[in-house]
Structure formats: C-alpha cells, structure tokens
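Single chain ahead, written as structure tokens, the form predicted alone.
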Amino acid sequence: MMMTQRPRRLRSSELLREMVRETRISKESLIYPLFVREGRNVREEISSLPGQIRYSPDTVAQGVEKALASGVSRFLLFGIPEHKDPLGQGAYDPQGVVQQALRNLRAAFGHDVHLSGDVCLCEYTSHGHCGVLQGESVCNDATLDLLGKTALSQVAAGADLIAPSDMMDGRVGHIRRVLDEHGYASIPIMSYAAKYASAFYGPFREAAGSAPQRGDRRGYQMDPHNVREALKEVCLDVCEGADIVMVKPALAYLDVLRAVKEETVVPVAAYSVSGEYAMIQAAGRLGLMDQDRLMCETALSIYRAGADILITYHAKELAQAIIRGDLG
C-alpha cells in the first residue's frame, strides 16, 4: 500500500517568502481622497477623521505635495461649497470648488498627478440627498442631467477620471454619452457600482457636511443583506460603459468584492471608507492594537479579496509601508 505524502508548509528565508507571495500591492494602485472647501488659506484638521485635512482650492496643492513625497500620485476630490441649494448647483458650476481645485492642481503639477472627481450632489444640495427631490423622494431621471453636467465640468477643469457615486439608475450610460458628445471619449468612468447603505460613512458625512437633512439614502443605496444585487448593478454599469467598478465600503463587504472580481473582467476598486479609517486610528490611539500592522493587514485583506485599486485615507502611510518592504 503506497503512502501519500502530506504536503509540507514552505520553510523559507524572508527573501523566498517575498518571492512566493500570492498577493502583491503597489503604491500606484492607491488613491487618496482629498476634501476641498470654498474659501482661501484654508487648512483645517477634520475632527471626525484625525490626520485628514480640509483644504481650499489655493492650498490643496500642499496636500498633494505631501502625498507625492510619500509615494502617492492619484487623488479623488470631494467638494464642500459655501452655499447649498435644492439642485446642488455648486456641483456643476464651472467655478465650483472642485473645478477650481482641479485647475490649480493641473497647473501646479501637470500630468505628474492623476486627478479624479467625485460626481454626486449630496455635498451640494441643501437637503443632503444625492439627487433632485420631488416631494420626499429622489427623482432619478431629473438627476441624470445634473450628473452629466457635473462630470463634464470636472473633465473640462482637468479631471483624468470621473467617479459617479450617486447610485442613480442609468447614470453611467448618461455620463458616457455626455462625455463622448463633447470630445471626451477617452476619459474613463469609475462607477460606484455596489455602494451599500452603511453606518461606516458617518465620519465622511461630518467631514463633507453631506448628511441628509431628512430621511435616508436607503432608497437608492444598496441593502447590506444582498450580494446578487451587487452583481446585477455591476453588470448594468459595465454594459453602460463603466471602465472600473467599485465596491463601497470595503472591509465589511469582502465577500461582495470577491464575487464582483470573479464576475467581471474590468478592474475592481474598493473604497476603504471613513468609518474603517476612524476605527483603525482609534484602536491605535487607545493602544488597543498596533496601528500600522492593523492598517497593513486590513489593506492586504482588501487586495486579497480581489481589489485592483484601493481608495483609502491611509494611502500615504500604506505607500510608505510598501516602500519600506513591510507591505508589497
């Protein structure tokens, strides 16, 4: 009777362990979110996101310079206007806060940076919802035109990529048509395809002043119970022209991320959202866990689940960990 030999665990030096790692991370796959508010000479720490800063269009280059020095060159901009209205006109104003920031950054850094614009109305509407309200409900079709205007104004100001986060039906196809018709067929769309109605967004809403004034967003964001719905949304967005699809949040939705990765051939992004960042920071600050190791292990789990791109407030620290060889 022949004995079958049990497979042995790899016994190796550190060099060999690095050679055979199954999951690898590059700093080029990191995107750093930046908050830009109206005004001048603004540089204020965000209380709900310790270590993160609100800039104004004239100071946002300081944040980009620090990120570049850390090894991060890709950015996602969120705007905080001085005045809000029911239609969120600041989102698509050619002189809006994000549009100003995009022009300033392009002038300062040329194409050494990759700039993405978040396309949504929630930061700009007086009611805090992601679209036009009719009564107490968001009107999907009336919102599409404003999202197209927002995307077009950002690209005209210098955005390399558009990231619609509103979760309106048909918005990817509408934005794609608008961009194509105006000569921007080469601008990619990174769709928030599976954006769940999550408690993990709390710190962001304080940072951006975007909490709904009444009601909530469960009518157009996804039910956390559902996975097959995410695959449906991803398929629809890809068919409409999405070049990259996203799962948001990341850490509590690793199963969704893996399912999306297995279902689609386009690159998959994951957004490690404000609540995830805040938990890691709090655990480190209280001495409950090793903050750097927790940060790295969390990021690694997201990539291992299938992410090609990671949007994270820890982008600078992760890039440094990659450079040091602690993560990569």
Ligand code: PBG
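Position 1 is the first residue in the sequence shown; the rest follow in order. If you're wondering where the values come from, they're calculated on a predicted model, not measured in any experiment.
There is another form of the same protein, the form predicted in complex with the named molecule; it is not shown, and what comes next is about it.
Q: Any chance Val247 has a heavy atom within 4.5 Å of the named molecule in the predicted complex?
A: No, Val247 is distant from the partner.
Q: According to a 4.5 angstroms non-hydrogen atom cut-off, is Lys195 in contact with the named molecule in the predicted complex?
A: Answer yes; at least one heavy atom of Lys195 falls within 4.5 Å of the named molecule in the predicted complex.
Q: Although the named molecule is absent from this view, report whether Ser274 comes within 4.5 Å of it in the predicted complex, heavy atoms only.
A: Within the cut-off, so yes.
Q: Can Cys122 be called a contact residue for the named molecule in the predicted complex at 4.5 Å between heavy atoms?
A: Yes - in the predicted complex, heavy atoms of Cys122 and the named molecule come within 4.5 Å of each other.
Q: For this chain shown on its own, do Tyr32, Ser73 and Asp160 all sit within 4.5 Å of the named molecule in the predicted complex, going by heavy atoms?
A: No: no residue has a heavy atom within 4.5 Å of the partner.
Q: Pick from Arg258, Arg103, Arg205, Lys149: which residue has any heavy atom within 4.5 angstroms of the named molecule in the predicted complex?
A: That would be Arg205.
Q: Which is the contacting stretch out of 176-184, 197-205, 81-89, 229-237, given heavy atoms within 4.5 Å of the named molecule in the predicted complex?
A: Going by heavy atoms within 4.5 Å, the stretch is 197-205.
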